[in-house]
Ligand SMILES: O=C(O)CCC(=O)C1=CC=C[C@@H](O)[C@@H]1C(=O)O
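Quick heads-up: it's one chain on its own, the form predicted on its own, in structure tokens.
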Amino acid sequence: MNYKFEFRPYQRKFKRPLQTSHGTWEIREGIILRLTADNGKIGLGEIAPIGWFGSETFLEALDYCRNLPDVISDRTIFSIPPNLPACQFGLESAWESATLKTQFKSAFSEDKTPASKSNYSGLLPGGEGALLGRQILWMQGYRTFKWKIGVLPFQREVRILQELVLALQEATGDQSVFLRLDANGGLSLTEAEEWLQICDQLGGIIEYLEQPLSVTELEAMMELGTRFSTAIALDESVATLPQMQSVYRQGWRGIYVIKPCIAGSPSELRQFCNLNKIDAVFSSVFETEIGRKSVLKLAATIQNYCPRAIGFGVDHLLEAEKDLELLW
């Protein structure tokens, strides 16, 4: 089947620049895709790359789209090279939307009411801003929170963490609450050990420490997992499907923080997760509603999906989304 291919770049500013160990991120750039099938059915998709995280860059994705013809085929969609994983996800998602009759009902509602936020992990502001941010997200219904570490001096972050945990414990009562710490691969081995010791002391409120070391230190992270009770999750190490397959072959059976929008083909990702019973946490790359819906549809098709909150509590960090219909 052939499809009319259209694309529109977009920009969306963060309310405040996002601080990570990779640096400062001020504007999310991406591309909205529209495929129109021969029968008139329309499918939307989104390319939301993060070049510094392991996918192609925005400019590489834009160049790829500009070089595609106005009419493309199934073969075009399923022959995108693996060095363009965000393009793979975006175009295949648009293809699924335009061709598949089955409607997947996701366990993760897009309802905006507070009760639905218990299925989501809310991303806290960096530094001391996490303390106020926690209160706001708590009122919105979040019960799982994520906080980035390795940005400020160690002792300062430890003090903030202790205040944050105390505040969460006081607010919870009998309710379960979890905190995820994300190092973005920015810790040394010694620092990772110190953080894990602190996490173990804090008990079950710390769900996991995410990507403590760089992608080149998988063996060290596996060894840390045997020495501490706090779970370790991989993120940067599993940015794309080939990386997931590689760490699985090397023996990683822990948590995979998967960002589908930059992982590659959704059909191949679905097969990998189902075949290997992956303990996955699906996570946002600050995509628009179009990309988010594609990810939630994918999550609904993962068998034996572990009941962990998905990492899509990020909209409060971005300026209001514009009406994407106006792009056309």
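These figures come from a predicted structure and were not determined experimentally. One-based numbering along the sequence shown.
Unshown form predicted in complex with the named molecule; subsequent notes refer to it.
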Open or blocked? Place the named molecule on this chain by superposing the surrounding C-alphas onto its site in the predicted bound form, and call it blocked when 3 or more ligand atoms come within 2.4 Å of backbone or C-beta atoms.
open
Contact residue in the predicted bound form, chosen from Tyr64, Phe58, Phe272, Phe286 - any heavy atom within 4.5 Å of the named molecule:
Phe286
If we test each of Glu236, Glu207, Glu157, Glu92 for a heavy atom within 4.5 Å of the named molecule in the predicted bound form, the one that passes is Glu236
Decide whether Cys87 counts as a contact residue for the named molecule in the predicted bound form under a heavy atom distance cut-off of 4.5 Å.
no
Considering non-hydrogen atoms and a 4.5 Å limit, does the named molecule approach Tyr10 in the predicted bound form?
no
4.5 Å heavy atom contact, Ile302 and the named molecule in the predicted bound form:
no
Counting only non-hydrogen atoms and a 4.5 angstroms cut-off, does Asn184 reach the named molecule in the predicted bound form?
yes
Using a 4.5 Å heavy atom cut-off, indicate which stretch of 158-166, 118-126, 72-80, 241-249 touches the named molecule in the predicted bound form.
118-126
Residues in 135-155 close to the named molecule in the predicted bound form, defined by a heavy atom within 4.5 Å, in order:
Lys146, Lys148
